[in-house]
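First, one chain by itself: the form predicted on its own, in structure tokens.
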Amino acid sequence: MFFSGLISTSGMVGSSMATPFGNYRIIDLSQGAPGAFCTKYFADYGADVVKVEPPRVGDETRRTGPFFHDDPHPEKSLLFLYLNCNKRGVTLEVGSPSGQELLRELLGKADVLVESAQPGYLQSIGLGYEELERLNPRLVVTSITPFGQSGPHRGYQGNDLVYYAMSGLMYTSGAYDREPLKHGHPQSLYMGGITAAYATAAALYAREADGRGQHVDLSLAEATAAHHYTAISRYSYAGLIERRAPKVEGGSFKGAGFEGIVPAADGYIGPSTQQGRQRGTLAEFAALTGHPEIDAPQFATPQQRQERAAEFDALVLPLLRQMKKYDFFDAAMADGWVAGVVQTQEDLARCPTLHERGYFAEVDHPVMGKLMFPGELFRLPGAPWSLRRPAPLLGQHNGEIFCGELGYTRDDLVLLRQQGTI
């Protein structure tokens, strides 16, 4: 088992249950979603993750919506809440000498540093990997940057739009008679975060063998491109260039395939011709919908349906529009068809499958109160997920960590706060 060298019984507060990362201290110095998503996995499965934020302003996700009751308050970002439950939080100005000294003390006792500074910045303030390796040879440093620590683009800034475009994913999204499209969700940020998480876990696993840490160099652009591997493989082997799909009029089956995203009575469904591993017949599809008139002689073959696409759509689409989306979905899937239903956010929140599997968790936040949010992302029965604490308030654990663990006094904290260090 991959986690055999990592599982401990010390990570769960108030519990003797085993956790995969209970022995580990992780310092999250990153800004934004990718680093926080990476460390979220460690925090959710037992690690002591300390989120380090700039004083006064905090992490950039505190200023990113959606906000609780649409109030743009630094303690009401639902994104920050989701990304940072189970973590402790401190404030630290790493640009100041006193902040750098505090960070060195934290890292001297840590197992992992996750950071997202521009390549060369930490080195410029005496906290580059070579310096950190001398400070703590067992430290794993995971650097998450737009284009990596080396190469011609190493100093460039980036965002989800840039990563999605440069990965090639955008070139194959949308219709080929229109401009390329980007998905609405910032997928690249979470692709990069989860890739950084398993790379960091692998570095910790390697440390079990040789006792030494290493520097994990994660490029968000590369992590996104890695999810588009089929296109580059086809080009490498056969010179083929994938492009966007042919134009499909909204709500049209285009005859031959009787498939697409089409309206139902209360939303949208995704019918298909696939029944198990075989292509279903028109007669079988007609029986599924309860409308035998679909199986008309003039539509008997795929070629006939293609030639009479507009006529076929005019017959079938109004019939499907009368069906409720879950009625169609349940009937189709129960009969072995591959079908889809386009779920809204409200549908997801009420989804019986997600609730039965315990996908959602309730967190009691000191400012926002009780909220439901996605909880256990995968099942690890021998060392399960747990919710130990809500996301930290800005600087909530300064006293607990700087005084209780590093030995500073309360007077020291007052001075550090007056200096702008914390």
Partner chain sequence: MNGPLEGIRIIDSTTMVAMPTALHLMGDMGAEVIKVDSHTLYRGEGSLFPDGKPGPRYWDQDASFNALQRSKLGVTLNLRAQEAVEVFKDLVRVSDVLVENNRAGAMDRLGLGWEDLRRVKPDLVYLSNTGFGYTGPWRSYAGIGRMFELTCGLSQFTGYPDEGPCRVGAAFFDLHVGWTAIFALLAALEHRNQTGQGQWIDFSMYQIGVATMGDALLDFIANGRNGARMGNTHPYYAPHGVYPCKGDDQWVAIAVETDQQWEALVQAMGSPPWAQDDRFADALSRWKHREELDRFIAQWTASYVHTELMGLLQALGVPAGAVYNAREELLDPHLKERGFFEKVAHHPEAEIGTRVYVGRPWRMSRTPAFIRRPAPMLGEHNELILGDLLGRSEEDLAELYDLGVLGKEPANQQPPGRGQSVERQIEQGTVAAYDPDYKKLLGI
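Whichever C-alpha set is largest while still superposing within 1.5 Å between the two forms counts as the rigid core. Positions refer to the first chain, counted from 1. This structure is a prediction, so every number in the text was calculated from the model and none was measured.
Although it is not shown, the form predicted together with the partner chain is what the next lines describe.
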query = Quick one: which of 290 to 298, 172 to 180, 93 to 101, 106 to 114 gets within 4.5 Å of the partner chain in the predicted bound form, going by heavy atoms?
reply = 172 to 180
task = May I ask you to state whether Ile269 is within 4.5 Å of the partner chain in the predicted bound form, using heavy atom distances?
result = yes
ask   = At the 4.5 Å heavy atom threshold, is Pro352 in contact with the partner chain in the predicted bound form?
value = yes
key: Residue contact check: Ser124 to the partner chain in the predicted bound form, 4.5 Å heavy atom   = no
query = Are any of the heavy atoms in Ser219 no more than 4.5 Å from a heavy atom of the partner chain in the predicted bound form?
reply = yes
Contact assignment for the partner chain in the predicted bound form, among Gly260, Gly89, Pro74, Gly280, heavy atom within 4.5 Å = Gly260
request  = Work out which of Leu387, Leu393, Leu380, Val57 lies within 4.5 Å of the partner chain in the predicted bound form, going by heavy atoms.
outcome  = Leu380
request  = Note that the partner chain is not shown here; using its position in the predicted bound form, name the residues of 173 to 205 with a heavy atom within 4.5 Å of it, in sequence order.
outcome  = Ser173, Gly174, Ala175, Tyr176, Arg178, Glu179, Pro180, Leu181, Lys182, His183, Gly184, His185, Gln187, Tyr190, Met191, Ile194, Thr195, Ala197, Tyr198, Ala199, Ala201, Ala202, Ala203, Tyr205
ask   = Taking the rigid core as reference, does the Cα of Ala226 move 2 Å or more between the shown form and the other one?
value = no
Cα displacement of Tyr129 between the shown form and the other one reaching 2 Å, rigid core superposed = no
inquiry  = Is Gly336 displaced by at least 2 Å at its C-alpha between the shown form and the other one when the rigid core is overlaid?
reply    = yes
